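Only one chain is given next, in structure tokens, and it is the form predicted alone.
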Amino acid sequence: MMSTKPKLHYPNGRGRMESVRWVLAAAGVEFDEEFLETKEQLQKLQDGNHLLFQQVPMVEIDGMKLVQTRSILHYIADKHHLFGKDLKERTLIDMYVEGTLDLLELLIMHPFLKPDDQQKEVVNMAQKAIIRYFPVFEKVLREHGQRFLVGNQLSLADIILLQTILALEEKIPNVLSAFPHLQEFTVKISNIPTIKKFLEPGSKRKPPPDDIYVRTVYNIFMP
């Protein structure tokens, strides 16, 4: 019998695939990974018409080959009831996710900056998080007094926000010091059983990017 588990095609690191891993894990879905390590592997996927726009992340799921991170996230979230119960909720979730992904993108690009720029960028990320993004979510949680951002149930918005908070805390440990509701949110969402399991050692969560990951990405994607 063929495997029905989703299969993720990406280098062995966080990058843009990590959000997909988070959402699958939160939904309790087991998945396989095929790690890209060489330009030839990428070329093979491209030559076989497996990548709609010649790019990864690519996820094989339900007989489809999905590309574009946000499209992949939407599909998995919708399938596993993590995308609200009506159009208004979905749109709210989508707005929150889009904003959070803008912040997450800074973290994804950070290891590829020159060393001098990396420290400056940490300051920039901290400012953006503390001034632009976290106050929004702090206010949402404070005003509706619920555990989740939208519709009083776990959604894509909660998952991506938690992913981003934890990744930021690796670089800026006290980034939530002025945000008590987000601190509480972080503890509560981290303790949801499927997410708790993903945060434990031995899961498919990837460690912070190191030099090996950066070199691998350059080797695969740079001309």
Partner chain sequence: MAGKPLLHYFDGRGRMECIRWLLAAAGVEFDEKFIETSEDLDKLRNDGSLMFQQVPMVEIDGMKLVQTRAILNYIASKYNLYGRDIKERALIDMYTEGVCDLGEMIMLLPLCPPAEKDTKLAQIREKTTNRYLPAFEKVLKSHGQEYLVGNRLSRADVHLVELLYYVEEVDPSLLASFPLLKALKSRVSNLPTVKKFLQPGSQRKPPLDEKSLEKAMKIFRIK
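Residue numbers count along the first chain shown, from 1. Worth saying up front: this structure is predicted, and the values here are computed from it rather than measured.
Although it is not shown, the form predicted in complex with its partner chain is what the next lines describe.
Residue in contact with its partner chain in the predicted complex (any heavy atom within 4.5 Å), chosen from E143, E105, E98, D117: E98. The candidate site formed by D62, T91 and Y133 is fully in contact with its partner chain in the predicted complex, as each residue has a non-hydrogen atom within 4.5 angstroms of it. Per the 4.5 Å heavy atom criterion, its partner chain in the predicted complex is contacted by stretch 80 to 88, the sole one of 80 to 88, 143 to 151, 119 to 127, 106 to 114. Its partner chain is not drawn, but in the predicted complex it has no heavy atom within 4.5 Å of K171. Its partner chain in the predicted complex is not approached by T194, whose heavy atoms all lie more than 4.5 angstroms from it. None of the heavy atoms of T38 is located within 4.5 Å of its partner chain in the predicted complex. Its partner chain in the predicted complex comes within 4.5 Å of no heavy atom belonging to H181. Annotation for 67 to 82: interface residues with its partner chain in the predicted complex are V67, Q68, R70, S71, H74, Y75, D78, K79 [heavy atom within 4.5 Å].
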